[in-house]
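Just one chain follows, in the form predicted alone, and it is written as structure tokens.
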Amino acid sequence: MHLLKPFSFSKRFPETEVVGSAFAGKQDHLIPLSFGFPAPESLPVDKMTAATEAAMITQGRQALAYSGGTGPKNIINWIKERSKLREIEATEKEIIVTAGSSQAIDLITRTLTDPGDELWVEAPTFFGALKTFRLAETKLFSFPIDENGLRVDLVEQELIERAINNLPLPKLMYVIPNYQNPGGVNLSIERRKRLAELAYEYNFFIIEDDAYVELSFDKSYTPAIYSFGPDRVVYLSTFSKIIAPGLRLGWAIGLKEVIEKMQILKTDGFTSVYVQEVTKNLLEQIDMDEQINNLNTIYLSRKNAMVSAIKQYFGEEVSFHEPHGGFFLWLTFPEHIDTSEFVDAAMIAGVSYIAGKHFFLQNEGYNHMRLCFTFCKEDIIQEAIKRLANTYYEHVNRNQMIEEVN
């Protein structure tokens, strides 16, 4: 038997807490309100089965080869046409299909930054993106959001001060403009225009992560930031929220030279050409507008159920912005509350959530919590919020008793 010596792993691993699985422990009684899963009944299983069969019958040998059959080209064309709804005009060479939008974030970051470069984000923001940025060894700086999205005025103020004092400027700014994850807010059109102008003026790129754009309960859509600054914006979206996350298909749209460099870094070559073939067949079978309307009907009802239950069981104890689309609801508790302190107790009670601290760079956001309203049915959501409220008040009462004893 060999005696194992200590081994030094790569220094690129960030010293951040890993956010666990929504189904950690696999308790039968657990109601997951944590991770952003779609409604199971919304997944087009029957049509996907037919699309898979068609892929084998019509393009089998080609679809199973490295370069694929007709699927990849057709997917690019679909993305190009669908993007026009966001006022995005792009050529085939300005589009790259990726293994989900998370891969696109990674490729863009490694294409446009070097270790130590400034990368600016919203606060709060998607913790998966923060992990990618930390692995890329960028220097992160954050700006708050309000009911109209990113505080672009504060971004502009920081840019001006840095330029005057000859301090480093950002190479990238990461923004989720529609139904922001986790805040649920939308970036106003005025702020979109101004942010694009600033990108040109101070020569940085914007990553526009638009995963939730189709999930608009009132069917209102604002032009993409990309439409105001196509030479300084890389636009991302995904099939995960409108068809199925298991496809792992997303895309990026940007300058031809940016997309070419992303392709060089994309060591897996073409993104699953077989899955693209199946997805192409599915897109030919379904009416996408009908599919999205169905999703929005389901998700609006579940969002309303969550809002109603929160008001019933929490009353004035919490506040939140009520989103008009997307997947998430962002709760704000009294300032002295740390939602990470009762995550385990909530799991024991049978409900999961994500504590607010995971969505921030610094030691902040402790009195927040993100809840997903899309996965569970209305009656289950009602029960989950009841359990969560009971857990919360037990935590508060326990802390008060401890303080009284001390």
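One rule holds for the numbers: they count along the sequence shown, beginning at 1. This one's a predicted model, so the numbers in the text were calculated from it and none came from an experiment.
Quick note: we don't show the form predicted in complex with another copy of the chain, though the next part is all about it.
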Counting any non-hydrogen atom inside 4.5 Å, which residue from S216, S142, S240, S83 sits next to another copy of the chain in the predicted bound form? S240
Could you spot which one of T91, N203, N165, T297 gets a heavy atom to within 4.5 Å of another copy of the chain in the predicted bound form? N203
Here the chain appears without its partner; judged in the predicted bound form, the stretch of 356-364, 377-385, 341-349, 56-64 with heavy atoms within 4.5 Å of another copy of the chain is 56-64
With the cut-off set at 4.5 Å between non-hydrogen atoms, does M48 touch another copy of the chain in the predicted bound form? yes
Do E257 and another copy of the chain share at least one heavy atom pair within 4.5 Å in the predicted bound form? yes
Looking at the partner-bound form in the predicted bound form, is K280 within 4.5 Å of another copy of the chain by any heavy atom? no
I'd like to know whether F270 contacts another copy of the chain in the predicted bound form, with contact meaning heavy atoms within 4.5 angstroms. yes
From first to last in sequence, which residues of 38-55 have any non-hydrogen atom within 4.5 angstroms of another copy of the chain in the predicted bound form? P38, P40, E41, L43, P44, V45, M48, T49, T52, E53
